[in-house]
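Encoded as structure tokens, the following chain is the form predicted on its own, with no partner shown.
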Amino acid sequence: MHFDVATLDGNLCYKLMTSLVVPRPIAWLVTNNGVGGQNAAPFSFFNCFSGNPPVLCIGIGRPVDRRKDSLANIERDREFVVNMVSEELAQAMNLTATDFPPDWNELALAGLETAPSVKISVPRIAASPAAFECRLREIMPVAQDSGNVIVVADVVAIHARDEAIINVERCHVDGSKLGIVGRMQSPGRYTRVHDTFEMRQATFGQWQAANPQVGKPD
């Protein structure tokens, strides 16, 4: 089936993108709200885009009437924490997606405890299986008329659940012990990361040794 995005309403394009690019990791953002508390909200247009230096990007939509609380807080303070969402935290994450007013503390409403960050003023969610302390690098507008932006951030510290770390010196992690969930199609579909399989990437030399009869294609 072919879809010409030039002829589609933006909401329909969003529906297609979020139904076909799955599963998506969830950036559970914690920011300072400017009145002595914190704001928490999940975003699934998110991933890591560089390992050296470590950089994360989050796509944030902007409602027509006002910018989202998380974005306003990031623009003001230039720092935030990206918390990963485990299965046991999924209901709490979903609660924080509610459009509470800016001065409401979603963490308190969800019964979530925080832990101090090491390099920034924003705390992290203590029960999160992994968290990334971030400083803002750049906010990139996607288009003049949409109001959507891409937040580009430098990771300055990383926290991970102790039992998931296999080798501290080599930074080996057993991802199955993190219990992270991913976002599927909207609205409200998620997946558990339980069923995994392994494939090792071969070098060209290894591939040639395993396939000596195969020549260069025309």
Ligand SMILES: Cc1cc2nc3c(=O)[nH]c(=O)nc-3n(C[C@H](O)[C@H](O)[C@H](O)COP(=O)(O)O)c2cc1C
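The first residue of the shown sequence is 1; numbering continues from there. Quick caveat: nothing in here was measured; it's all calculated off a predicted structure.
From this point on, the text means the form predicted together with the ligand, which you will not see here.
In the model of the complex, do 39, 93 and 98 all reach within 4.5 Å of the ligand through at least one heavy atom apiece?
-> So, yes: the whole triplet contacts the ligand.
Okay, which stretch from 69-77, 107-115, 123-131, 137-145 lines the ligand in the model of the complex, with non-hydrogen atoms inside 4.5 Å?
-> Looking at the partner contacts, the answer comes out as 69-77.
4.5 angstroms heavy atom contact with the ligand in the model of the complex for residue 60 | So residue 60 counts as contacting the ligand.
Any chance residue 26 has a heavy atom within 4.5 Å of the ligand in the model of the complex?
-> It does: once the ligand is placed as it appears in the model of the complex, residue 26 has a heavy atom within 4.5 Å of it.
Using a 4.5 Å cut-off on heavy atoms, what residues in 173-188 are near the ligand in the model of the complex?
-> Read in sequence order, the lone residue that approaches the ligand (within 4.5 Å, in the model of the complex) is 183.
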